[in-house]
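Single chain ahead, written as structure tokens, the form predicted alone.
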């Protein structure tokens, strides 16, 4: 038993010495004390080497290379200013004269290609929650996510297209904004396809009520 214990201890010591020797060789090869003028290879620099100057970061644009400086008067965040003309508000917010509209923006045509695009984009971005029918029982809802309202409800059937476009941009309740994922033209295409779903699954009485009839 004693001999077996000594043999096991010897094996452990041997492995330990080999590990130390290997680490010593690796460190000796990797740390040769040489200095390089070129930066190391960076396979994905776009995430942490951006055009802005971060806090405590030097800015070679100035003689003192001080990056933290008081912004000039009137400075705004890049990309924070948007056009406020009527055409821009119509396209991006779904508003005409301050009210949501059913009128498509200039340059958009309600044709088969436009509707096919809306159906495709709806299938990608909307069906996980709203389902293909638009009734709010998509696959993520079936797995516990809070259900959205059905597009077939009278209140939502009465929504102008512009309001749907606005919700796609800004989000609503537990629905996040899709402004980054869905370009503005596609928002109008999706809104138009939602209207198709509403009409296809509504009775004449539903449509009459949605239009304000009594």
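Owing to the predicted nature of the structure, the values given are computational and were not obtained by experimental measurement. Numbering follows the first chain given and starts at 1.
Heads up, the form predicted together with heme C (HEC) isn't pictured, but that's what we're talking about next.
Considering non-hydrogen atoms and a 4.5 Å limit, does heme C (HEC) approach residue 176 in the predicted bound form?
Flag for residue 176 set to yes.
How about residue 148 - does it come within 4.5 Å of heme C (HEC) in the predicted bound form, if we only consider non-hydrogen atoms?
Yes, residue 148 lies within 4.5 Å of heme C (HEC) in the predicted bound form.
With a 4.5 Å heavy atom cut-off, would you call residue 126 a contact of heme C (HEC) in the predicted bound form?
Yes - in the predicted bound form, heavy atoms of residue 126 and heme C (HEC) come within 4.5 Å of each other.
I'd like to know if residue 167 sits close to heme C (HEC) in the predicted bound form, meaning any non-hydrogen atom pair within 4.5 angstroms.
Yes, contact at 4.5 Å.
Counting only non-hydrogen atoms, choose the one of 118-126, 85-93, 67-75, 102-110 that falls within 4.5 Å of heme C (HEC) in the predicted bound form.
Residues of 118-126 come within 4.5 Å of the partner.
Which one of 52, 61, 35, 155 is close to heme C (HEC) in the predicted bound form, taking close to mean a heavy atom within 4.5 Å?
If I apply the 4.5 Å criterion carefully, the residue I get is 155.
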